[in-house]
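Single chain ahead, by itself, as structure tokens, in the form predicted alone.
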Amino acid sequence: MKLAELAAPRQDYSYGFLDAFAKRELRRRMLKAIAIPGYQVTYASRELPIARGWGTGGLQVTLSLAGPDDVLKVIDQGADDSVNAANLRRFIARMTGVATTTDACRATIIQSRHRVPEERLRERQALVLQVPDPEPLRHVEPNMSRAREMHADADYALMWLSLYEQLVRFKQFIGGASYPVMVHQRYLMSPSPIPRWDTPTLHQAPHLTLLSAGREKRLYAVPPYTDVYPIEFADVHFRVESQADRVCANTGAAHKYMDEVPQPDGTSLFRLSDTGYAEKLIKRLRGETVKIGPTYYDSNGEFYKPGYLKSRDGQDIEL
């Protein structure tokens, strides 16, 4: 008998890295999440070649969705070229054979950490958001068993009290990223740590949004054309971050979400957070032919859905 005869036969990686049972379970959980918008569905988060907390939840969803004909875009806080985004993109492409792109209009699957692309997404696209903490009630109810009961009863009084305390102390809502939203008039949901600027883009969106937390072993979804409203009072309204005085130093774009870059002299430059969109604008400035999709905010800073960012008396809300 030879040693080769005793060794197990070679087994290559499964398509999409995850085994067939894992992908089947994730797909079933995703279907349940789509059927109950905003509801947190538990799943068995698998071990991956990256540590939990670095995008394992979104990675598992993407690996379960991706097929050979898909086109993948991976961004990290708007950037296609960050270390996290580049590593995830390379791993997914190697495990599934999908084509990759930096163009949000070409992608069929967009995996993102903490941003929604500036260009409007369309039907038959899937936005996969990485989520570090899926529980919006955690800072008002640290007992997760009690928080589950509150979701079951739609009892969000503590969250409203928290908003009221913010107004009393600071005269405004101080919540930044991950501003809580109400989905389908039923479940309070954390929209991942996207900035408030991106929160309105989830409302009645034609694309599917899947949110997954690998460390917390929970995923939830916003199906296409679903109501998603940030929580607010009737007389004190939700506001996005003001980008009115910021102009991109590279493209000249305004009224888009910017990254602030401090300079040695104490001043600051601003650059588009969405590097894929910035790349298109730079190509157009060079005279190249490039297709740029419509954006969620126009050149005047107006959101593309009239009435969404308006007060009850019809007056425009300051952006």
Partner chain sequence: MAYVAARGGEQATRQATLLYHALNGPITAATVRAIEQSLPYLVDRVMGEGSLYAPELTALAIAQAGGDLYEAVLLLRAYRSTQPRLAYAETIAQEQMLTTRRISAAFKDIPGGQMLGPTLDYSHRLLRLDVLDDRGATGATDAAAQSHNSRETGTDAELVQADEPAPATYPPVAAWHRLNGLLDPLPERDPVDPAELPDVTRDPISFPAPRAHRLQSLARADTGGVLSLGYASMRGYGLIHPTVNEVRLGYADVNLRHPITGVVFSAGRVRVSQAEVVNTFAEGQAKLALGFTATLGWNEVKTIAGSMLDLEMDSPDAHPAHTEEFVLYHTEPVEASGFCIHYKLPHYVTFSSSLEALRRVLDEQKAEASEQQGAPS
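Residue numbers count along the first chain shown, from 1. Not measured: the values here are computed from a predicted model.
The same protein has a further form, the form predicted together with its partner chain, not shown here; the description that follows concerns it.
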Within 4.5 Å of its partner chain in the predicted bound form: all of H203, T251 and V290, by heavy atom?
no
May I ask you to check whether V247 falls inside a 4.5 Å heavy atom distance of its partner chain in the predicted bound form?
no
So in the predicted bound form, is its partner chain close enough to A99 to count as touching (4.5 Å, heavy atoms)?
no
Is there any non-hydrogen atom of V240 lying within 4.5 Å of its partner chain in the predicted bound form?
no
When the contact criterion is heavy atoms within 4.5 Å, does D103 count as touching its partner chain in the predicted bound form?
no
Near its partner chain in the predicted bound form, with a heavy atom at 4.5 Å or closer, the residues from 187-212 are none
